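The form predicted alone is given below as one chain in structure tokens.
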């Protein structure tokens, strides 16, 4: 069995090497490209959102490269994500692909995840299953930490490109850390690499909180590398949605880290009292958090037709008016133009800079 899982940010880096050590013949899809998107668009229903199309294109490329089994996360709730696997399997079979498809029926249950890992690997002992799964989670947290450091150093770098190179090296080092001991030894080295970057310590960059639907936020291909573009505009990104937080909310592998969904729900009270699916409650709650913390503005990104984030968009527009706080919403699909994205980002950053120096009224 050659197993593939659609890409979602750096998730495949977290699990691929570890699962291979335990007998899983992993066949990750190629990194998403325009070809991937075109494949997904060609065979997806017209109303499907961008993550669905990229996932489907990922699956087709992986099957063309020899994979014969697909693992697709499942889920419940108003977001359509929970139904993706069923529809994608039907589309792939109609196109003549031969494969087996598994879904993690309830991604919120730790026992379900452990059973899935035991089913696809040579791990038969349940205790060993927990050990392996928590190592994958810790590797994911390390990758997120390396990305957060990138957000801090990128706008301050003196030699253009140093931070991009450091992030690439950090990802490779974390990928090689295939045990708890190696991982704990690697992270201080990663921090030192960032610390060695020459930066302008006197520069105070504009800060922008990036929020929205989790796939579009964390998958660079889906958002046209928007965080890198902001860094190149000398903006410090404060990302409000992390895959490691999403996993920690469910599996509590970082016991001292606050449950981010509960925290956001508390912050959102008065504007959105109940979650409406997806990351909507995080978008609303953390918009309020960023405003209180003095972050200069919020960039809200989502797939076109994403119902939960449309709800959140309406609510944060009200927050923006009530608190006179800059918010920019962007939707992404296959028709989005990179030039349009850059123009809107430049205009938003210019607005925030002029608000900061007082040349634009806050009223």
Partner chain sequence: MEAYLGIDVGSVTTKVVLIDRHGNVLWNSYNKTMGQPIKAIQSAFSVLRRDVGDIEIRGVGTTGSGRKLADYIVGADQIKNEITAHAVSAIHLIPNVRTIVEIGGQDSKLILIRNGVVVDFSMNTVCAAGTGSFLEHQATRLGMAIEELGNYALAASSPARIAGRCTVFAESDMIHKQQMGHNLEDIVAGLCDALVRNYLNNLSRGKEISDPVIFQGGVAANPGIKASFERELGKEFIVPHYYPIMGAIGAALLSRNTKHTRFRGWSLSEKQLSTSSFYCSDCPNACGVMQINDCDAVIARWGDTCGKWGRREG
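Here the structure is a predicted model, which is why all the values come from computation and not from measurement. Numbering follows the first chain given and starts at 1.
Below, we turn to the form predicted in complex with the partner chain, even though it does not appear here.
Participant: Taking heavy atoms only, is residue 323 within 4.5 angstroms of the partner chain in the model of the complex?
Facilitator: No, residue 323 stays farther than 4.5 Å from the partner chain in the model of the complex.
Participant: Just checking whether residue 251 would be counted as a contact of the partner chain in the model of the complex - the rule being heavy atoms within 4.5 angstroms.
Facilitator: It does not: once the partner chain is placed as it appears in the model of the complex, residue 251 has no heavy atom within 4.5 Å of it.
Participant: Should residue 20 be counted as a contact of the partner chain in the model of the complex, where contact means heavy atoms within 4.5 Å?
Facilitator: Contact check for residue 20: no, nothing within 4.5 Å of the partner chain in the model of the complex.
Participant: Does residue 26 reach the partner chain in the model of the complex if we count a contact as any heavy atom within 4.5 Å?
Facilitator: Outside the cut-off, so no.
Participant: Within 4.5 Å of the partner chain in the model of the complex, do we find a heavy atom from each of 11, 13 and 292?
Facilitator: Contact check failed for every one of 11, 13 and 292.
Participant: If you apply a 4.5 angstroms heavy atom cut-off, which residues in 16-51 are near the partner chain in the model of the complex?
Facilitator: The stretch 16-51, when checked against the partner chain in the model of the complex, contributes 33, 34, 35 at the 4.5 Å heavy-atom cut-off.
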